[in-house]
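In structure tokens, the next block holds one chain alone, the form predicted alone.
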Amino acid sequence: MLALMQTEWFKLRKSKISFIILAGPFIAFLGGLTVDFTEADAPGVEWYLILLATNLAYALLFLPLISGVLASTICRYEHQEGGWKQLLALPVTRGKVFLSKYLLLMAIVLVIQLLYLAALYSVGLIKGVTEPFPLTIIWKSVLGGWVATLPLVALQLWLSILFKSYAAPLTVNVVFTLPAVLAINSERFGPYYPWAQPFSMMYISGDPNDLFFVPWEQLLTVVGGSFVIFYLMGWVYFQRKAI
């Protein structure tokens, strides 16, 4: 398994992966620099203002979109010149190939989330925030956002294996990501829309009356359930895929 993941990473290194990894945190960093603390209504909320200023674009658009870009990239070489036949000719099972790709994608997303955390902290230092960095941002926003991408990455990996075209899974991802802007404003659809989960899990709020508030237990149930469905669908399809 480790050798498979190393092989996948070697292929990704040739695909300008560094630019993809740094794009989101850099955008968040620039957005955080625009925060105006003069309108803060209470002391000690500067970190949360920075987080709220960056979450809308980062969690609602970048994270769902980047999952499609990474998944398409990790399957790009296999769709070219009989790459699947060459890969599966090795003494490896299809299940391990699928799992290794998935684990590597999730590891990259975790790195992106940690860079996002570093971007938030850097903004605070530059803007002179003296309050201690709240641990809530780490476990709720950074780790929560990473967990929310579990089903999205599984779905995008399945689509990337299904379509030979590099652009096809990206198009599907964009089509379903954009409505998330409307879904988060709906109490009926927002908590269950997969592409809205990164924003919901990265949003810091404990007020049940908040427009964007979704109970943590409900989020984990929705994310966990959709992850099982999408992962199994992709795994089963890859097992039966004609090479």
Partner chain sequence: MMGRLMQAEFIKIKRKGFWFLAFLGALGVVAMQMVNYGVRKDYLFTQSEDRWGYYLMNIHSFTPLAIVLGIVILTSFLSSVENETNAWKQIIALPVSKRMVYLAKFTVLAIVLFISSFLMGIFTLLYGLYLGLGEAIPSADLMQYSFYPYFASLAVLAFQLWVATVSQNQAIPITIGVVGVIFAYSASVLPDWMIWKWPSLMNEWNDPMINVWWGLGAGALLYLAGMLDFTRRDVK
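Quantities reported herein were computed from a predicted structural model and do not represent experimental measurements. Positions refer to the first chain, counted from 1. Here the rigid core means the biggest group of C-alpha atoms that line up within 1.5 Å when the two forms are laid on top of each other.
Keep in mind that the form predicted in complex with its partner chain is missing from the display, and what follows is about it.
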Residue contact check: Thr73 to its partner chain in the model of the complex, 4.5 Å heavy atom: yes
Partner proximity in the model of the complex: Ala168 to its partner chain, non-hydrogen atom cutoff 4.5 Å: yes
Taking any heavy atom pair closer than or equal to 4.5 Å as contact, tell me whether Leu61 reaches its partner chain in the model of the complex. yes
Contact flag, Val174 vs its partner chain in the model of the complex, heavy atom cut 4.5 Å: yes
Heavy atom within 4.5 Å of its partner chain in the model of the complex: which residues of 188-203 qualify? Arg188, Phe189
Exceeds or equals 2 Å, Cα of Thr93 between the shown form and the other one, core fit: no
Is there a C-alpha shift of 2 Å or more at Tyr166 between the shown form and the other one once the rigid core is superposed? yes
